[in-house]
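In structure tokens, the next block holds one chain alone, the form predicted on its own.
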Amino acid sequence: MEIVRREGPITGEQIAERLHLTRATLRPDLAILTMAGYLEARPRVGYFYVGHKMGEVIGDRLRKMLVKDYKAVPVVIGESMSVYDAIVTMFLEDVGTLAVVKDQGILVGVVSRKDLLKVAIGAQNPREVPVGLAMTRMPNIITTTPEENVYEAAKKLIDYQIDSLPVVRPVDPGAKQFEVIGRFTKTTITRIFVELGSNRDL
């Protein structure tokens, strides 16, 4: 960092020469310092000292990323489907939350693993209980939109202690009807952080 602060912009090769090390030896350290926001890397220019705090840098990046660029394909079911069939769908699709829709993909509810588990271990037969009796209904559903940034969407997951957000667009804002066009999950956030943590070499 002292070398970059004093001589930057400076390439990785030049830093390696100053320290009598190979470029490959320095690569992980430079990647960490870049991710942490202490250094910034510009292709064909080199590294230069920034000195930002990690949270500030990552927060800025997350606020520039939009949900529409990271959302996954929604997994939807009808509210007349049985709890048993919803469990099978959840297992086959490998998801933790299902969006419940009516005609034209209009969101009417969401059902989570916990919701289905309550019915499955209860006295009622899950083959006979419709999902509509187990789900959380609109308007008590936390959603996100394609234009919302991923920081705000991730904050909703934490604040409301949920695993997934339906990504919606308004069909009839007056009637508060929304079409489900995607899902934004904790897995999505993990994928974004892996992307942010990928080494970016000069």
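Start at 1 and count along the sequence shown; that's the residue number. Predicted model, so just to flag it, every value in this text is computed and none were measured.
There is also a form predicted in complex with ligand ADP; it is not shown, and the following applies to it.
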>> Within 4.5 Å, heavy atoms only, one stretch in 133-141, 43-51, 59-67, 22-30 touches ligand ADP in the predicted complex. Which?
In response: 133-141
> Does the 4.5 Å heavy atom contact test between residue 102 and ligand ADP in the predicted complex come out positive?
Replying inline: no
> Should residue 83 be classed as touching ligand ADP in the predicted complex when contacts are defined as heavy atoms within 4.5 Å?
Replying inline: no
>> I'd like to know if residue 165 sits close to ligand ADP in the predicted complex, meaning any non-hydrogen atom pair within 4.5 angstroms.
In response: yes
> Is residue 79 close enough to touch ligand ADP in the predicted complex, meaning at least one heavy atom pair within 4.5 Å?
Replying inline: no
> Along 22-46, which positions have a non-hydrogen atom within 4.5 Å of ligand ADP in the predicted complex?
Replying inline: none
